[in-house]
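The chain below stands alone, shown as C-alpha cells; this is the form predicted alone.
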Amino acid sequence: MNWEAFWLTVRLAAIVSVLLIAIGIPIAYWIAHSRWRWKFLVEAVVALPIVLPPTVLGFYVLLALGSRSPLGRWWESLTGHTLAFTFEGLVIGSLIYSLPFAVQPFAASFGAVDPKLLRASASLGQSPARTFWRVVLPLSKAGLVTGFALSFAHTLGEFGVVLMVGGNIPGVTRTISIDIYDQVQAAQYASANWTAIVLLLISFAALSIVYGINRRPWAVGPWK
C-alpha cells in the first residue's frame, strides 16, 4: 500500500472537512431560514456537484485555477506558481465537490430546530448570534457530525476532480484513489485490492457513525 498517497489523502480530507464546517454553516443557516423567493437557485448551485460529472466540474475548476484566470494570476503573483496541479488546488476543487455533502445535512438540522425555542431566546433578550451559538448549534450537533463525516468520506474517494485539477504528482497530488487506478493499470491487483479494502472500511466506519448518531434507518439528519 502506498502510505504516502494514503496520508496525503487523509490530510486533504481533514482539511476540506474542517473548512466545510466554517464555509457550510453560514450557507446552510441561510438556506434553512431565508424566505427569499429565488432561494431554490442557490440550493441548486450548492447541490450541483452531486449530479455534475466529476470531469466536467474538474475541467471548470482547472480553468478557474489556471494562469489565465484572475484567481490563478493573483496566486501566481504571490507564490510564483499557479494553483493548478498543487495540493492547494486539490483543496479548492475538493471543497466545491464535497460542498453539498456538508451543507445539506447542516441545513436539515438547522431547519429542524423548533422556532419556538428561537423566539423564546429572543424574548429573553438574547442576540441572534448568541441564540445561534447557545441554542441552534447544540440542537444541530447530529447534522454537523453527519456533514463532517460525509464530506470526509466523500473527499477520501474522489477521483475525477482531483485527477483533473491536480494530476498525478507523487507526494503532491497523487491521492489514494489515483494510486488504486495506477495499480490496476499496472496489473497489481493484489495491492489495489488491499488499498481498496482500507477505503471500504473507512467509508463503512463513516456511515456507521452517521447512522449511529441519527439512530434512524436510511436518514441523514437530526434526531426527532
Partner chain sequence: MEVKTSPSKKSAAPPPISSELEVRIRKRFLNPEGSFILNTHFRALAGFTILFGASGAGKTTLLDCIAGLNDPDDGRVAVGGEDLYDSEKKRNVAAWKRRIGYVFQELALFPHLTAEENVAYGLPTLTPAERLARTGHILQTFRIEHVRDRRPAQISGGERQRVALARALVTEPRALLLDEPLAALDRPTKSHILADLRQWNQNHRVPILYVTHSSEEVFALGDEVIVLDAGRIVAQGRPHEVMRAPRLETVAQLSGFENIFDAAVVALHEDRGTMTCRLGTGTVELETPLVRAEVGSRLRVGIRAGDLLLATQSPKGLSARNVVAGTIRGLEQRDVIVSAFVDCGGTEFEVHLTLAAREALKAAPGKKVWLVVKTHSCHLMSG
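Everything numeric here is computed off the predicted structure, so don't read it as measured data. Residue numbers count along the first chain shown, from 1.
Keep in mind that the form predicted together with the partner chain is missing from the display, and what follows is about it.
Residues within 4.5 angstroms of the partner chain in the model of the complex, judged by any non-hydrogen atom, belong to 115-123 and to none of the other stretches in 115-123, 72-80, 94-102, 145-153. Although the partner is absent here, residue 131 sits close enough that one of its heavy atoms falls within 4.5 Å of the partner chain in the model of the complex.
Looking at 135-150, the residues that come within 4.5 Å of the partner chain in the model of the complex, counting any heavy atom, are 135, 138, 139.
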